[in-house]
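Starting off, we have a lone chain in the form predicted on its own, written out as C-alpha cells.
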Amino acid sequence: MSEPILQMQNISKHFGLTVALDHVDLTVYPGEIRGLIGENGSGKSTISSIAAGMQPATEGTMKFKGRDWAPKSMTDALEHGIGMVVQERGTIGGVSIAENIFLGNIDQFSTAGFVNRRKMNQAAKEILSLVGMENIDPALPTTVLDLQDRKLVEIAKVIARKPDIFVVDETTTALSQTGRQKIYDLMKEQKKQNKSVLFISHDLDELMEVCDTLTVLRDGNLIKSLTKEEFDEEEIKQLMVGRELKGDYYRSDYDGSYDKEVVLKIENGNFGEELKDLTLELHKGEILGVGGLSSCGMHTLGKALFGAVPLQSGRVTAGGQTITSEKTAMQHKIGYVSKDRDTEALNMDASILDNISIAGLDKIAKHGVITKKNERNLVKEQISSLSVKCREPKQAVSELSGGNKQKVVFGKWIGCDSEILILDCPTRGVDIGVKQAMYQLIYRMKKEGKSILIISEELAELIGMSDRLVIMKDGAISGEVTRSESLNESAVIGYMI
C-alpha cells in the first residue's frame, strides 16, 4: 500500500463543554475516494473542516504529504493542496462571481494597484466551464444565483486550484441530478490523477456507489472503516445510529385518501418561465408531492404558495382568502420550510430560542403580552419533541449540525400550530435516523388532519410519502400519479424529461 497523503491522529475538538470529536484517527491514501457518514452531530464535518483549515483542533496532530500540517485558514489549505466545498453557504453575496472564485488571490490580476476585471472575468469564465456554467456572466453578483448555482461556483473555485485532496461536504443534496453527475465525474477524475477525495454525505446509496472506503462516525468517535468489499447497507445503518432502526421508514400504507376540502390553491399562476398558467390544489389531510428536475419551477411554486413570490398573474388562496404575502400566509396557518435553509429559513445570527419562537409569538402572547416563561416553554417543547441536539435554547443556531438546524426550522412551524406545511427539500442534509423521524412526523401530521406539500428532487421520498404526486416540467404540470404499491420511479421519470 502507498504512503498516506493525510494522517490525522488523536484529533479532538471541544466547543465549550460539547465534545465534537474525541481522539479520532483518520488516514487518507492517494487515489482514494473516502466517504464519511454518521448521524448529524457525529463529527464528520468537524474533522474534515479541521483538515481543510476552517478551524483548529483542540488536540491532536496532522501530517499532509509527509509533513506536519496546521493550515492557518481555508485559503492557506487550498493554496497548499486541500480544498473544501462546505455544506451550506460558501459564497459571499456582496461581490461578483469572479471575485468569489479568486477570493484571496485577486492580486494576480492587479497592476499598480488596479484590478484588471476583464482579465479576471475571462479567467473566471474558463473556471466556470469546468462545472458546465460557461454561459454565466462572472461579473454578476452571486446573489442572482440560486442555491445550486452558488454551490457549483464553490466547486469550480476549489477544483480549479487542482487540490491533492478534494473535500465535499454534503454538497450533492443542493444539486440536481445533472449537477450530481458533474461532481461524481470530478471525483473520478481526482482518483484517476492519483489524488484523493473526502466525501461527506447522508445518501448511503450514493456513498456505496462512489466511494472506495467508508468511515462511520458516531457522537464524535470513529466507529469503523470499511472497504468496498465490506459495504453492507444494514450494517452501516446500525453502525451509524448504534441501534437497529425500528418502525417504518416511509409510509407502509397505500390508502392515499384525504378530505375533499381544498385548503390551499394556486389558480392560473404565472411567474416568468418558472410558472406557466399553473393550477394546483392541496386538500385537507393530504400529503401532496411535487417533483421534477431542479429547474422545472417547483421551488418557485413553493415560494408562491407561501406569498414569498408575487405572481405576475393568477392568485393563491387559502380558505377562500387571497394570499398576498408571507404575513397573510402565516395568518392562515401556513408554514414554509425553504430548501435554502441558512439563507431563507433561519436567522443564523440568532439563537435556537429566537428562531423557533418567532413564528409562534401570537400563540404564546397572553392579553397581548409575551412572557419569557411562555416563550421558553414553547421552545423547550419543540427541542424535546424533535430531539434537537443542543446545549441550551440560547445556543446560536449557527453552531448546530445541518440536521439539527432543519429540526429547528420544523420546530418553528410546528410550534405555532401550522395547519398547512410547504416543505421544500425537507430532508436535505439530514441523516437516515433524522429522515425516518421526519417522515414519521409528516405522516402523523397527516393523520391529525394537517395538509403537507412536499417539494423534492428525491423521487423515492416523494413516492414513499405522497398521497398524490404531480410532476413539473418547464413551469407547468406534466403528469400526475396517485399512491399505489406498484408505483415506481420509472413510471414517474418519463414526465420529467
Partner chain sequence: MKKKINLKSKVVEIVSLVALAILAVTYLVMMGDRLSPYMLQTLLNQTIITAVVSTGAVFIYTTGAFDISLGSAVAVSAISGAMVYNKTESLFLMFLTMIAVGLLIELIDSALAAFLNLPVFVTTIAMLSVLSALVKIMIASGGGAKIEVPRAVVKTLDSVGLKVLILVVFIGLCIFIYNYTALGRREKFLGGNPICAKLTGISVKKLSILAFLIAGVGVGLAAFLTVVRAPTITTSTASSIGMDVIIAIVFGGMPASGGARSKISAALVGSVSMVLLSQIMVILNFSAGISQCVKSILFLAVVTLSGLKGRKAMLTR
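For clarity, a rigid core is taken as the largest C-alpha set superposing within 1.5 Å between two forms. Source: prediction; values computed, not measured. Numbering follows the first chain given and starts at 1.
The same protein also has a form predicted together with its partner chain, omitted here; what follows describes it.
Enquirer: When you measure heavy atoms, are Ala350, Leu361 and Arg391 every one within 4.5 angstroms of its partner chain in the predicted bound form?
Expert: Heavy-atom distance to its partner chain in the predicted bound form: all three under 4.5 Å.
Enquirer: State yes or no: in the predicted bound form, is some non-hydrogen atom of Lys224 no more than 4.5 angstroms from a non-hydrogen atom of its partner chain?
Expert: Contact check for Lys224: no, nothing within 4.5 Å of its partner chain in the predicted bound form.
Enquirer: Report yes if any heavy atom of Thr343 sits within 4.5 Å of a heavy atom of its partner chain in the predicted bound form; otherwise report no.
Expert: Result yes; Thr343 sits at the interface with its partner chain in the predicted bound form.
Enquirer: Any of the heavy atoms of Glu267 lying within 4.5 Å of its partner chain in the predicted bound form?
Expert: Residue-level check for Glu267: no, no contact with its partner chain.
Enquirer: Decide whether Lys327 counts as a contact residue for its partner chain in the predicted bound form under a heavy atom distance cut-off of 4.5 Å.
Expert: Yes.
Enquirer: Select from the listed residues Asp212, Glu281, Glu375, Asp146 the one whose heavy atoms reach within 4.5 Å of its partner chain in the predicted bound form.
Expert: Among Asp212, Glu281, Glu375, Asp146, a heavy atom within 4.5 Å of its partner chain in the predicted bound form occurs only for Glu375.
Enquirer: Counting any non-hydrogen atom inside 4.5 Å, which residue from Lys405, His299, Lys195, Lys412 sits next to its partner chain in the predicted bound form?
Expert: The residue from Lys405, His299, Lys195, Lys412 that makes the contact is Lys412.
Enquirer: Specify the contacting stretch among 215-223, 327-335, 230-238, 187-195, defined as having any heavy atom within 4.5 Å of its partner chain in the predicted bound form.
Expert: The contacting stretch here is 327-335.
Enquirer: Scan 289-323 and note down the residues that get a heavy atom within 4.5 Å of its partner chain in the predicted bound form; none is a fine answer too.
Expert: Read in sequence order, the residues that approach its partner chain (within 4.5 Å, in the predicted bound form) are Lys303, Phe306, Ala308.
Enquirer: On a rigid core superposition, would Gly449 pass a 2 Å threshold for CA movement between this form and the one not shown?
Expert: False for Gly449: its C-alpha shift is below 2 Å.
Enquirer: Is Ala437 among the residues whose Cα moves by 2 Å or more between this form and the one not shown after superposition of the rigid core?
Expert: Result for Ala437: no, shift under 2 Å.
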